[in-house]
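What follows is one chain in structure tokens, specifically the form predicted on its own.
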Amino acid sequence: MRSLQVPAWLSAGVLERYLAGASHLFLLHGNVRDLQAFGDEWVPLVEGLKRLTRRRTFVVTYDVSSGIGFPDAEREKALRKALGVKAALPADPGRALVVLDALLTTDRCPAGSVAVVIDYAHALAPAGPAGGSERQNVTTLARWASDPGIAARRPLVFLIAPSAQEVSDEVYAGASGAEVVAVPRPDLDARSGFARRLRADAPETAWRLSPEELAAETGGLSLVQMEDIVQRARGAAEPLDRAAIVQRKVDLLREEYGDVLEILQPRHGLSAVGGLEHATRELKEVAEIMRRGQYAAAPMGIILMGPPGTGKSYLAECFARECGMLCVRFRPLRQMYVGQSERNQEKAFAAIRALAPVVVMVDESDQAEGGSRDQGTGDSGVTERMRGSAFAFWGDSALRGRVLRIDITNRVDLIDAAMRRSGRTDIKIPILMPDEEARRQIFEVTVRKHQLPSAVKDFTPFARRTGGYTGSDIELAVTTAWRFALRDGAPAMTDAHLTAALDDLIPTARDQRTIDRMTLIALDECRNKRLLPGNADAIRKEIEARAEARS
């Protein structure tokens, strides 16, 4: 089997374990509908497994749609002779498994001579409550994995499904169950090799980037999706450039993962952030680390914490743009159907691994994954299982530098302590109400960000006037001033327009006591002096003075 060059995941996850006698039945899940490199060719996974087992006398494939199949007539003849079957081979799952079971258990097949590939295994033995026929299928597959008599015959059995959680866990649960092997998305080397083949196959396409650049821009995509991008450019006789690739990539990812992840396209970098020097300085340094690929120095996670309206979500999006990385956000994963919430979470985590390098934004993270473990749930353990899976995923050190989680929260104290610890969250930055200088910068940055014509020379008087305003309040005032300028037919926003906008604006009513509490919590949670705003001590004293005055 090793004479054929095979993908690294197959060699490490299957062949080494099989040759060591650790398992003979493998559940392959994940990127199972992609092309895989077997030898010098890229072929579908099932075809590749046929090539892998080509030296075996008995090689059989099965799925509920096509029934029992063979690589060639000789393999079919060998099975019929060994089992004494002359009639048409059955297609329905129950009877087909009887034939395959006989093949795996008969003394007429020498040890090491049988290979079975069952595609769409989730249709055969689905997760969740099973009916009579499905229950029999589940039992048969579980027995194949645990029967020492079958193991002694050294068959090689593959079950293929898009997700392990879509297959009954009885098939792979426990030490004697099927070995679960994740099929990953292609890495940079695999994409580069495939891109070179695509270029050779499409010489008439106007390539405005090299195969290596195509590979770099298509991180997270499958080879089939890469081929789709090139074929579209080829069919439309359009040049293959970065803009076309990025847009098609986002469209493909939304089609594939849109039910569990929102794909974001931030428009601005950190230069479009005003008044948060302590935060932007740190985030620019992290972004540079990510761009240079110095993953050992990258944080596992970042928390942006502080009162609402201070620009935490916007700052996170600008950081993702600065990194040049894909940015995603979770969609609601909880569902009413049994097991669906956990399957959604597994799909989301698998997608994040596939899309790496990626920034994952978690808005209102104090309410994500069920909040604190001290809160009661009454949901039959779903929250606890999802929380445990989340802790395991976000604590995986292999994700460092490849997946960066950014928590956005008003109440960091409500995030589970296990998620806030070092190793899951390494940087905690307070994002607080802006002071006068910060408000002046926010006025200036907002005008630049929206590319508004402005005749205002100095925003200091307006910053002085807007004490207690958040960044979102100031942005609303600026855009309203531009609206007033348009109404007057003016070519640019003037001091008078901005004054009128501030006179018109009624700031959002805020509970100062609540804001003070959120501010103190954020300051207390910060563990690095460099990440505190320069006026942190003054802010704390001001809050203490207000508290004393109230008492």
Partner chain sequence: MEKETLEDHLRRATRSFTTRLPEERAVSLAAELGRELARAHAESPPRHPDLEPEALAVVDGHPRLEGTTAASDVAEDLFRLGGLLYFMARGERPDVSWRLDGPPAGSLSTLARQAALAALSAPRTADRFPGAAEAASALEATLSPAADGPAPWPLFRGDPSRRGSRPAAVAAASLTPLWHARAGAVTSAPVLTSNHVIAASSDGRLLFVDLASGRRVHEMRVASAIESSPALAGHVVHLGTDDGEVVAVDVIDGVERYRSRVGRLVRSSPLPWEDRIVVGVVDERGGGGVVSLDAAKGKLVWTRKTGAVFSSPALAGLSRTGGVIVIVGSDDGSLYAIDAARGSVVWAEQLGGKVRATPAVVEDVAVAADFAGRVVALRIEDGRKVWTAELGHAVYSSPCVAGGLCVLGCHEGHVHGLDLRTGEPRFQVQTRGPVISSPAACGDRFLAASTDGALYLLDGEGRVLYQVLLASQGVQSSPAVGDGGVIAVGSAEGLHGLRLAP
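Rigid core here is just the name for the largest C-alpha set that superposes within 1.5 Å across the two forms. Numbering follows the first chain given and starts at 1. Note that the coordinates shown come from a computational prediction; the quantities given were computed from them, not determined experimentally.
What comes next is about the form predicted in complex with its partner chain, which does not appear here.
Exercise. For Ala20, is any heavy atom within 4.5 Å of its partner chain in the predicted complex, or not?
Worked result: So Ala20 counts as contacting its partner chain.
Exercise. Is there a heavy atom of His29 no more than 4.5 Å from a heavy atom of its partner chain in the predicted complex?
Worked result: Contact check for His29: no, nothing within 4.5 Å of its partner chain in the predicted complex.
Problem set entry | Touches its partner chain in the predicted complex: Phe38 (any heavy atom, 4.5 Å) | Yes, contact at 4.5 Å.
Exercise. Hey, in the predicted complex, does Leu15 get a heavy atom within 4.5 angstroms of its partner chain?
Worked result: Judged by the heavy-atom cut-off of 4.5 Å, Leu15 is in contact with its partner chain in the predicted complex.
For this session: Heavy atoms, 4.5 Å, its partner chain in the predicted complex: which of 61-69, 38-46, 517-525, 486-494 makes the cut? Say which one.
Result: Partner-contacting stretch among the options: 38-46.
Exercise. Which one of Leu198, Ala233, Leu156, Leu253 is close to its partner chain in the predicted complex, taking close to mean a heavy atom within 4.5 Å?
Worked result: None of the other options qualify; the answer is Leu156.
For this session: For the stretch 48-64, return the residues whose heavy atoms include at least one within 4.5 Å of its partner chain in the predicted complex, in the order they occur.
Result: Counting only heavy atoms within 4.5 Å of its partner chain in the predicted complex, the contacting residues of 48-64 are Arg51, Leu52, Thr53, Arg54, Arg55, Arg56.
Exercise. Rigid core fitted, then: does Asp458 show a CA shift of 2 angstroms or greater between this form and the one not shown?
Worked result: Result for Asp458: no, shift under 2 Å.
For this session: Determine whether the C-alpha of Leu188 shifts by 2 Å or more between this form and the one not shown once the rigid core is superposed.
Result: Yes, its C-alpha moves 2 Å or more.
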